[in-house]
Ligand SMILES: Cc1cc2nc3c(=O)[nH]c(=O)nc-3n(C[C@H](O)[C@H](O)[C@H](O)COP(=O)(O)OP(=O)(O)OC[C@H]3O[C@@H](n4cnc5c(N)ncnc54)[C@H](O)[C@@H]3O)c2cc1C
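Given next, in structure tokens, is a single chain: the form predicted alone.
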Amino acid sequence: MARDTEVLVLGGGSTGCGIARDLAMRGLEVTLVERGNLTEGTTGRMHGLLHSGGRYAVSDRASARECIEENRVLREIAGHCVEETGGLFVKRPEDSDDYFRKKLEGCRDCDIPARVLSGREAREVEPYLAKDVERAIEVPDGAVDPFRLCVANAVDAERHGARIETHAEVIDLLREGDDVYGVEVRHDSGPGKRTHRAPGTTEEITADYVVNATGAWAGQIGAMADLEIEVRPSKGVMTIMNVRQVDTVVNRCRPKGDADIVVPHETTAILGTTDEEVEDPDDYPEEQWEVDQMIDTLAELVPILEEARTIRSFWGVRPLYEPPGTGTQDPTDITRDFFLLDHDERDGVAGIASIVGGKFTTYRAMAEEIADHVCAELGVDARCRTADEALPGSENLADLENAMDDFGLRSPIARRSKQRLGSRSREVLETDEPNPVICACEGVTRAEMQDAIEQSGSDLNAVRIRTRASMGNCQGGFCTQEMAHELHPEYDEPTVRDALDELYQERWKGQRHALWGEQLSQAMLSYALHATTLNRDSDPAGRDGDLEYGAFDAGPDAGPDADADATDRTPLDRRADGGEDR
């Protein structure tokens, strides 16, 4: 029976995109389906740490060795996605000397470069460290942009012939007897050119082999074919600060615990994290106390955090997995290693395998292992090249420095453009058209915006993850409308307005747990700009000539002639009132 594709990859996170790239580079016909945007799941909700392996050097040395190996690979193949910040494991007076010694020994045993610094030397590296920090271990941690890295893998997969289908939710696995041969997907609106099918329609996609790379959702996907996959989703909160309080990854040198890392990321610092098991990766509580804990506990390492401005918080779900019968109670004790589940060998069901567990840093190694497995199943003799061939944007970073003067790349904005675009800088920035800054917080220019729109169509959240536009201090208050304007005239007014609403609502939901102090003032300013100046709440105030300022506080029902039912109010209004929309 003829199939639609040779390999069908489920999941558009880092692992899924890495698998699609690997297999496509080996010459296989590949289709990837993702229910939302790329990075919709765990990949888009991580703290951006490129692990050196130091965090696992005591408790999980196998994972530590994998991390340092892949850390070195990613610096080579994805240089435009990685910032070589370095990392410190810092010890406070109450922290164990014995554990510090074990951490140092573990790093050296796992071939992780490690150097001991005195408290004074550590504060020379990071001046805002607490004055009572006694000493630190220096390791090669880094910061990585998960959005840019994931998209680069998808782009390269497409260049090698893969089909990347976003906004296509798997609603059933196609199984006949003991063989899985494809999936049924339901297509969503998927704004922009990535809508390959009409919204609301379903499609059956058949394949010679199916790879379940859906992470924390792998159990739900497996259940569609009566396969039991023992994923144990674990939620963690991350809190984003308004500036980089540190330029080095700062870890607390102690055994497992919450709130023990600060990662400098682009123009911000990200505080993390917690580790709490949840039943459903799509439905779990987001608690204010978790955010408070991040700030209060990490201020013991970096005291300036107590007075710093928080701009948003977000939660992610780890796809933890342990083999049946292990019985670990505490999710922090579950290995961070990854597992390839061959369902033919394990469950007697052919045509499908799952990849579970692991970490973002090891996504490429995970992809290589399952690609080797798929090739063996299909009788394909082709080696992996993903550790040797650079991702798009990282082919020749040395050329970037030589091209700096060509584009006047000496300003801060130009440097930011170069960092994001990598070796694609010349291709994108060489334009005869005006190139104003669209997002001042992140230094994103029109040329970058138009390049991202060319890739993702009218989906401004997809544009956001490619450029970081709207992800700075104002959280889109000043630039979302400018981003939407860049869609015109290619897209009509209703499409542009819908794209703007979707972007602004996504930007708002992460701010709900940061509304105090200066950030509350920023949120009110954004509300004033959008709800009143731009009249995006469709408030009838002032239509008789007298401006009704009470509408600013009470929403559209406060207008002199407003009688709309609450259900007629916009999502923006319901969010402003603390309603159900997230």
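Because the structure is a prediction, the values reported are computed rather than measured. One-based numbering along the sequence shown.
Keep in mind that the form predicted in complex with the named molecule is missing from the display, and what follows is about it.
Participant: Contact between E40 and the named molecule in the predicted bound form at 4.5 Å, heavy atoms?
Facilitator: Output for E40 is yes: heavy atoms within 4.5 Å of the named molecule.
Participant: Using a 4.5 angstroms cut-off on non-hydrogen atoms, would G215 count as touching the named molecule in the predicted bound form?
Facilitator: Taking the distances in the predicted bound form, the answer for G215 is yes, it comes within 4.5 Å of the named molecule.
Participant: Is I311 near the named molecule? Define near as a heavy atom within 4.5 Å, in the predicted bound form.
Facilitator: Close contact is absent here: in the predicted bound form, I311 is far from the named molecule, nothing within 4.5 Å, heavy atoms only.
Participant: Against the named molecule in the predicted bound form, would G457 count as a contact residue? Criterion: heavy atoms within 4.5 Å.
Facilitator: Although the named molecule is absent here, G457 would stay clear of it in the predicted bound form, with no heavy atoms inside 4.5 Å.
Participant: In the predicted bound form, do M46, V170 and I221 all put a heavy atom within 4.5 Å of the named molecule?
Facilitator: So, yes: the whole triplet contacts the named molecule.
Participant: Quick one: of T361, T239, T467, T480, which gets a non-hydrogen atom within 4.5 angstroms of the named molecule in the predicted bound form?
Facilitator: Exactly one listed residue reaches within 4.5 Å, namely T361.
Participant: Tell me, out of H513, R26, H530, R35, which residue has a non-hydrogen atom within 4.5 angstroms of the named molecule in the predicted bound form.
Facilitator: If I apply the 4.5 Å criterion carefully, the residue I get is R35.
Participant: Name the stretch: of 250-258, 230-238, 502-510, 202-210, exactly one has residues whose heavy atoms fall within 4.5 Å of the named molecule in the predicted bound form.
Facilitator: Going by heavy atoms within 4.5 Å, the stretch is 230-238.
Participant: Would you mind checking 8-25 for residues with a heavy atom within 4.5 Å of the named molecule in the predicted bound form?
Facilitator: The stretch touches the partner through G11, G12, G13, S14, T15, G16.
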